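Given as C-alpha cells, the chain that follows is alone and in the form predicted on its own.
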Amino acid sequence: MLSLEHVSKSYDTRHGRRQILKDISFTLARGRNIGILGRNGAGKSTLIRLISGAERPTSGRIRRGMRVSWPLAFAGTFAQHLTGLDNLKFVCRVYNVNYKTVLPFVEDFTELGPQLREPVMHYSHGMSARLAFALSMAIEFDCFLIDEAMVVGDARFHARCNDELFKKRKDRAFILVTHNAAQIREHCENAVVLCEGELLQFPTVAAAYDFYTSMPVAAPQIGAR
C-alpha cells in the first residue's frame, strides 16, 4: 500500500513563499492504478517527485509499503561523468540486482550501442531518457510513477514504452500524471484532478474527465511543475 497523508509542499520564490500542494491525501493498493489530471504548472511533477522520495514534503507523511519506482524516464540522478553502463551497475547495486541479468534488456531497449559505454554527460536528453526508462523496466518495482512530461522520443519509442509498461506489467500499480485526458481514459481505472494545489476526487474516470475538460485554462503557479 502507498499512502499520502495530508501532504503539502511549498517553495520560496522571489515573489515570496508559494504553496504548490495543499493537504493531499490518497491511497493506492498493489495492482491498482490512478490517473492525476492537471494543467501545465499545476504541480503534477512536484507531486511525483514527492512520491518517489526525490523531494520531501513540507508537511504530511508519505508511507511506501511497496517498492516504488523513480519517475519513469527521469535521468536527473545519473552521475554525468560515469558511463551509461556504470550508472546501470550503480543502480543495480542499490536495488541488489545482478547487473549482468538486466544488461541484455537495457542494451536492446535503449539501442544506444557503443554509446552505453560512453559518459552520460555526452548523451542527448532523449538518450538519457531511454536509459532511465530501460532501467525502470529492468528493476522489479511494485508501483511505477509515470510523468508524461519526462517521456521523450519518437512514436516508435513511445509504442515500445507502452507495451513494456501497460501490457507486460499490467499487474503492477502505477500513478500516471498528465494533462492529456485521453491517456487517463485509456489506461486508468480511477482518476483525480489536481487543481489549485488540491486533489479533487471523483466517483468515476468519466466524471473526472468531464470536470477537467470544463476547467478554464489558468496561469501556472510560480515554482510549480
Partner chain sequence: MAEASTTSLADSFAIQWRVIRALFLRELITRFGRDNLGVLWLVGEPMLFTLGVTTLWSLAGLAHKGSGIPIVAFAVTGYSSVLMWRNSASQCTHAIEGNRPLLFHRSVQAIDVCLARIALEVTGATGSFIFLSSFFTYLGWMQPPDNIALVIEGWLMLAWFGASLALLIGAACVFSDLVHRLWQPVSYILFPMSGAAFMVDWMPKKMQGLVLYLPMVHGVELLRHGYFGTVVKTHYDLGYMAGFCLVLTLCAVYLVRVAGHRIEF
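In this text the structure is predicted, and so the values were computed from the model without any measurement. Residue numbers count along the first chain shown, from 1.
What comes next is about the form predicted together with the partner chain, which does not appear here.
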> Among the candidate residues R39, R160, R32, R49, which is the single one with a non-hydrogen atom no more than 4.5 Å from the partner chain in the predicted bound form?
Replying inline: R49
>> Is M121 part of the interface with the partner chain in the predicted bound form - any heavy atom within 4.5 Å?
In response: no
>> Can you tell me if N87 lies within 4.5 angstroms of the partner chain in the predicted bound form, counting non-hydrogen atoms only?
In response: yes
> Is H125 close enough to touch the partner chain in the predicted bound form, meaning at least one heavy atom pair within 4.5 Å?
Replying inline: no
>> Taking the partner chain as it sits in the predicted bound form, is F78 near enough to touch it, meaning that at least one heavy atom pair lies within 4.5 angstroms?
In response: yes
> Counting only heavy atoms and a 4.5 Å cutoff, which of 174-182, 60-68, 22-30, 190-198 contacts the partner chain in the predicted bound form?
Replying inline: 60-68
> in the predicted bound form, do E55, V91 and Y95 all reach within 4.5 Å of the partner chain through at least one heavy atom apiece?
Replying inline: yes
